[in-house]
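Just the one chain here, laid out as structure tokens, in the form predicted on its own.
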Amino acid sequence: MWIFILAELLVFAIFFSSYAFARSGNVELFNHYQQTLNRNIGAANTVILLTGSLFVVLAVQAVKVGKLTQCRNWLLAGVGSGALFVILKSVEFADKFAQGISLSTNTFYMFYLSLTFFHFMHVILGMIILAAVAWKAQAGDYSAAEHTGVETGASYWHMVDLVWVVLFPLVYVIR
């Protein structure tokens, strides 16, 4: 899993570097269109994902003391935070698409849509992973002595959050 996570982080790093390079060549365009993004939704999504990470940390703590039901519940709360993120991001995407914005609108929107959609898909994968781990916790497949699967799922979820913590300021805030 660590190799997969590191590979994913490398892909996002390349994306972020490409964004920064393109932005440096056309600062005015990027600054102008960045103002069209909904920072409130972006900030809300940041809080939602970080809260989801807290839930996942609590799930890991619960399994380490053998509280599998609490572990499952915290993992499902993490899935719920992911669902809130997906809903808000979908509202944001729908607004842009309704305005006729697409990957070919301009360089800023090409990066915005590519980066945020790529991350969006990682959130969905993270939700699937957390749900599968919650299912296994409910089935009693983990214990205080053997909970590697919970920690592995948590590691993936934290990677998804880390990427958003970089993506949000880079695309929505930094001018």
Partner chain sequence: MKAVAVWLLLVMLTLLTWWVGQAGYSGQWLVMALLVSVFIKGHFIIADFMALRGVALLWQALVHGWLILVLGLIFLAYWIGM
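In this text the structure is predicted, and so the values were computed from the model without any measurement. Positions refer to the first chain, counted from 1.
Unshown form predicted in complex with its partner chain; subsequent notes refer to it.
In summary, the region of this chain contacting its partner chain in the model of the complex, judged by heavy atoms within 4.5 Å and restricted to 65-73, 117-125, 49-57, 131-139, corresponds to 49-57. The listed set A144, M110, A43, L29 contains one residue whose heavy atoms approach its partner chain in the model of the complex to within 4.5 Å, identified as A43. Though the partner is left out of this view, N106 does not reach within 4.5 Å of its partner chain in the model of the complex, counting heavy atoms only.
For the chain shown alone, Q61 is a contact residue for its partner chain in the model of the complex, at least one non-hydrogen atom being within 4.5 angstroms. Annotation for 123-160: interface residues with its partner chain in the model of the complex are S155, H158, M159 [heavy atom within 4.5 Å].
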